[in-house]
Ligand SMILES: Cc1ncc(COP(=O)(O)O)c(C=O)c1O
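One chain comes next, on its own, written as structure tokens: the form predicted on its own.
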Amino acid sequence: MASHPSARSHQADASLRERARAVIPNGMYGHQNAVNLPDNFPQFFARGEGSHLWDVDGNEYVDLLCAYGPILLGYQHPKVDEAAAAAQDAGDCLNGPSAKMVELAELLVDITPWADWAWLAKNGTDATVFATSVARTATGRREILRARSAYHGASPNWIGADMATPADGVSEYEFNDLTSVQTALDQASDDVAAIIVSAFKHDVGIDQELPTPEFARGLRDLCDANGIVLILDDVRGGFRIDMAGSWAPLGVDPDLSAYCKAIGNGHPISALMGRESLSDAVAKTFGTGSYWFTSAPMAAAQATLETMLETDGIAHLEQIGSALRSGWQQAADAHGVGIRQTGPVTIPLMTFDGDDFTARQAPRAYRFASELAERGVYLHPVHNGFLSTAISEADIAHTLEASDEAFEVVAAEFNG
């Protein structure tokens, strides 16, 4: 794949967008709506293989977004797809689950030292919403504390009048600020059922922020002292930071942990894991869905996790993530472009000095991402990226060559 830009066609994509507008409100919806992305970003894709993605016009990209997180081992991973196909051939959606449900739950519990059970569904929102229901059942309380503006799913259980407004029964604290947590607890008058916290702060429009060990341990202590359930939202970080859970390196165990995205390498499945002390509350809390028990995604998840364990996938993700971060910094410095790289190296986010994400004004990030797209690298301008184990050293080399050229364009346009 050549690094230098060439004329890329987007005619098929434009045609599909026009047809979509006639039958889909606004032409597209949700976080995969490309309307606010640079003009040369495609809306529709044809296929993916390994670490590469092709749009409907045949343009090829090294993929640094991985379908917003679900692709962990690369597209069309043979072991995963073979496992899913075998389950599909046997009968995917039946009157009850197959043995794959038990096998996957056993595997999840086996690799998560603090957890005693697993509950399976489809989306990350399923898992976080059910977690709050379990906490309320277990404690007999109502209030849930979340970090300010934290995203835990597209549900009225979390979102009030707009994305930044908490729903009824949800109060807020500041991430990495135990004093603000204590203040929120005091204001809730002993009615707090759970504190939910993301594995790391990843609100759109701001730099990512890793939790301090003191904050994580402090949350654990506050929950223990007040009979509150600690929920770790590991939907975004799960299985890209540590196979035992993203807070395992901090030595802090939650009471409930929600997983999705990477667990099934693109197959629709999520999981909530928890302690034995909450199993009765789970049994008393109704939650179900017609497709929650399908076998193919469970088989895919089992194969995904086994492959990550067998190949030490986390180590590879950290290696390529560190190489990418180092290379970006060197290139930015060489061209006099100020950048910040935050969060886990396996879930990269780069922001540009002079851009204002909070005001949705990020011309440098948009220009950089647009230049990368012309050179065959797909990097979202403002959303964090995700890495897959399929990304090779050659992919990183191509990305950094393209990035050097893109930084040069940004410097010429904005540093004058």
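It should be emphasised that the depicted structure is a prediction, and the values quoted were computed from it without experimental measurement. Numbering starts at 1 and runs along the sequence shown.
FYI, the form predicted in complex with the named molecule isn't displayed, but the following is about it.
**Student:** Under a 4.5 Å heavy atom criterion, is G313 part of the interface with the named molecule in the predicted bound form?
**Tutor:** No.
**Student:** State yes or no: in the predicted bound form, is some non-hydrogen atom of H267 no more than 4.5 angstroms from a non-hydrogen atom of the named molecule?
**Tutor:** H267 lies outside the contact set for the named molecule.
**Student:** Quick one: is Q302 in contact with the named molecule in the predicted bound form, heavy atoms, 4.5 Å cut-off?
**Tutor:** It does not: once the named molecule is placed as it appears in the predicted bound form, Q302 has no heavy atom within 4.5 Å of it.
**Student:** Looking in the predicted bound form, any heavy atom of F175 within 4.5 Å of the named molecule?
**Tutor:** Output for F175 is no: heavy atoms all beyond 4.5 Å of the named molecule.
**Student:** Counting only heavy atoms and a 4.5 Å cutoff, which of 180-188, 257-265, 317-325, 218-226 contacts the named molecule in the predicted bound form?
**Tutor:** Looking at the other structure, the answer is 257-265.
**Student:** Considering non-hydrogen atoms and a 4.5 Å limit, which listed residue (G287, G153, G205, P97) is close to the named molecule in the predicted bound form?
**Tutor:** The residue in contact is G153.
**Student:** Pick from L120, A332, L278, V235: which has a non-hydrogen atom within 4.5 Å of the named molecule in the predicted bound form?
**Tutor:** Only one listed residue qualifies here, and that residue is V235.
**Student:** Does any residue in 107-142 get within 4.5 Å of the named molecule in the predicted bound form, counting heavy atoms only, and if so which ones?
**Tutor:** Going through 107-142 in order - heavy atoms within 4.5 Å of the named molecule in the predicted bound form - the hits are N123, G124, T125, T128.
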